[in-house]
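First, one chain by itself in structure tokens, the form predicted on its own.
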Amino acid sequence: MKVSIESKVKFLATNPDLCLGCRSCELACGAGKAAKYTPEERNSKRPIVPSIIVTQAQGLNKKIPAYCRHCENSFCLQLCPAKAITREHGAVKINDDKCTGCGICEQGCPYGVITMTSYKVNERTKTLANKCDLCLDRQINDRTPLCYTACPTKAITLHS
């Protein structure tokens, strides 16, 4: 029996009561991104920005991981003038080759989890949007997202 990729892809959920605020999820995400950078990106010192950020919950004395919710009607996807944001296997994903770095997606995200990064390439500044893609490349190959794998308390869980 063949299993579709869409049915394999899991989404993130968090339990703030279990989060220690240790930032292991951030570190794992950043390390995973750095491993994918091309030699040109490494040479240009492209910043490593994790797509999950541990933050203080408003009104609570707790830390929580913040990440893209892959909204059903994603404002970022609808607003992107370059059509660099698409839905792939259920996840909202940014195509770095198409991203113009305009920042409209960052402004349109209701959760504030899209960030912009800039770096120099051949004396020109390149700006790109950054957000969680659920480690689709890993999930397609039957592996779990890096943040989930790194969480020591399983404050991050996976669901369909």
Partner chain sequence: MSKCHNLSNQCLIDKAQNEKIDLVWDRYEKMLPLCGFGEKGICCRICMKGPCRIDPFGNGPQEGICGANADTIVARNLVRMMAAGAASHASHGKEIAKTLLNVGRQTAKNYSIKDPEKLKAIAKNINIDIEGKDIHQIAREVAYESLMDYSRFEEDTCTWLTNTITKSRLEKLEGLGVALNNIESSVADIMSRTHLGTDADPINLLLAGMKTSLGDYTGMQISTHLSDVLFGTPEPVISTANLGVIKKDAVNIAVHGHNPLLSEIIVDVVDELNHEAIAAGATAGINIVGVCCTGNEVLLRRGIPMASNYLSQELTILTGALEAMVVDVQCIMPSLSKIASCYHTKMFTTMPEAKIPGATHLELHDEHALENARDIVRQSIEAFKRRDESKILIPEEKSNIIAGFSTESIVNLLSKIDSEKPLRPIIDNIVNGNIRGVVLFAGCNNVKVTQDYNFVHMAKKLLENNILILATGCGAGAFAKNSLMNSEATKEYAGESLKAVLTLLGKEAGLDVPLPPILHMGSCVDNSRGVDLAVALANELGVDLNQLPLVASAPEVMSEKAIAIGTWVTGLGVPVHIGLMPPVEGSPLVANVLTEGLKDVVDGYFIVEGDPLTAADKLTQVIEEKRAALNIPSAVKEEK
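Numbering follows the first chain given and starts at 1. Just so you know, these numbers come straight off a predicted model, no measurement behind them.
Below: the form predicted together with its partner chain, not depicted.
Let me know the one among Thr100, Ser44, Gln107, Gln56 whose heavy atoms come within 4.5 Å of its partner chain in the predicted complex, would you? In short, Gln56.
Is it true that Lys10, Leu12 and Cys147 each have at least one non-hydrogen atom within 4.5 Å of its partner chain in the predicted complex? Result no, not one residue of the spot touches its partner chain.
Work out which of the listed stretches, 108 to 116, 30 to 38, 60 to 68, 124 to 132, brings a heavy atom within 4.5 angstroms of its partner chain in the predicted complex. Heavy atoms within 4.5 Å of its partner chain in the predicted complex occur in 60 to 68.
Taking 4.5 angstroms as the cut-off for heavy atoms, does Ser24 touch its partner chain in the predicted complex? Contact with its partner chain, yes.
Please determine whether Asp142 contacts its partner chain in the predicted complex, using a 4.5 Å cut-off between heavy atoms. Taking the distances in the predicted complex, the answer for Asp142 is no, it never comes within 4.5 Å of its partner chain.
Going through 129 to 160, which residues have a heavy atom within 4.5 Å of its partner chain in the predicted complex? Please give them in sequence order. In sequence order, Ala150, Pro152, Thr153, Lys154 come within 4.5 Å of the partner.
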